[in-house]
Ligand code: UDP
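Only one chain is given next, in structure tokens, and it is the form predicted alone.
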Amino acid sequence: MKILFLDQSGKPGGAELCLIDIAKPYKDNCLVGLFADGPFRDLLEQNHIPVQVLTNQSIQVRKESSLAQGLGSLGQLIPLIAKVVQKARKFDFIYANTQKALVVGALASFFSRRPLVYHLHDILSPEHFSQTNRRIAVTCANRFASLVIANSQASQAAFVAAGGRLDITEVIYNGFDPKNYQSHESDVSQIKQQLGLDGQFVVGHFSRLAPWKGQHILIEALVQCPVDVTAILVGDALFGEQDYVQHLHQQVTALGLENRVKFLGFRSDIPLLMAACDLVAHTSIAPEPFGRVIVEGMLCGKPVVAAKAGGAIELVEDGVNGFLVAPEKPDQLAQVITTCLQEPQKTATIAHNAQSTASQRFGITAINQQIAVQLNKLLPS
């Protein structure tokens, strides 16, 4: 099975990390075509996955773009589409991993006569996408895709609500290799010492710093928590969100939390940092398509508190393998943090349940097998 994967980003977000795991079994017979250069290309190369940057010209369409802006980008897309068509003829499938990749892949699929697979990593809702972007995505998928893989029931439901065809969609969750989330106690002790976290109850937040990711909710919750609760924010602005980063620093100062909030920026040692936490917090204020960080926290054997919306509801069973709180409710979040601090035995049981269920439900081998079954259905018999 030969697959041409397409992705618009040069930066390794959740969809890109997922793509690495999907592409690994096909690395002898695949190519990942990127629409931008960056550290994601380096990650693919480190995993011995063939990769090529197909254009150096930035595609000037964003999630909130209007129809006029969308049409204005067509001129710059034509050379890229032509290149993808040429490459696609050597492969069995075009596998679009992002929305811009879907648009390019849809037209390339038409001209190359290769089946198109669209991996939907987004919730196509007004909170995340303009009406124009939703219409373009749904039209391209309905008209050209043979299969739409939704990363959660929430993503599938939003796709269908936006006009997408239910009959071409399959829900397949993101896969993870549990081995990647094991840390040695000596390394955990060392990192806690380096970061000055000894003796603290550490709440970790892992995502890019962006308003909808809700880091400000965690900071606000800290005020209502005991003084030995410290938060680490792992991540930074990714798509021009520097104003929000500045706002977070100002918020910390205004609330007198300078000694209780640590901004660590982007890090490559996420499993180790999670292992150093007592609780992993997910605080998105808009529905999350999947919630990769939630599963990663579970696999690290940590209790997770998540915003009760979108894909998170499918991952966490409140009080059994994690905690759910209403989005944008810092008082509820503070209550869970305090409970975890004061009831360590109950919290440890929940963390154990989380690690066990995450390993069973989201193991990469089983998830990749589910994808392979769906792709095989598209091959000519």
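In case it trips you up, residue 1 is the first one in the sequence shown, and so on. If you're wondering where the values come from, they're calculated on a predicted model, not measured in any experiment.
One more form of this protein should be noted, the form predicted in complex with the ligand, which is absent from this view; the next part is about it.
Note on the interface: of 224-232, 286-294, 79-87, 163-171, the segment with non-hydrogen atoms within 4.5 angstroms of the ligand in the predicted bound form is 286-294. By the criterion of a heavy atom within 4.5 Å, A15 is counted among the residues contacting the ligand in the predicted bound form. For R267, a non-hydrogen atom is located within 4.5 Å of the ligand in the predicted bound form, even though that partner is not displayed. Among heavy atoms of K262, none comes within 4.5 Å of the ligand in the predicted bound form. Heavy atoms of K100 never reach within 4.5 Å of the ligand in the predicted bound form, leaving it off the interface. Contact with the ligand in the predicted bound form, defined as a heavy atom within 4.5 Å, holds for exactly one of S207, Q156, Q200, S125, namely S207. For the options K213, R134, R114, K302, the one in contact with the ligand in the predicted bound form, meaning a heavy atom within 4.5 Å, is K213.
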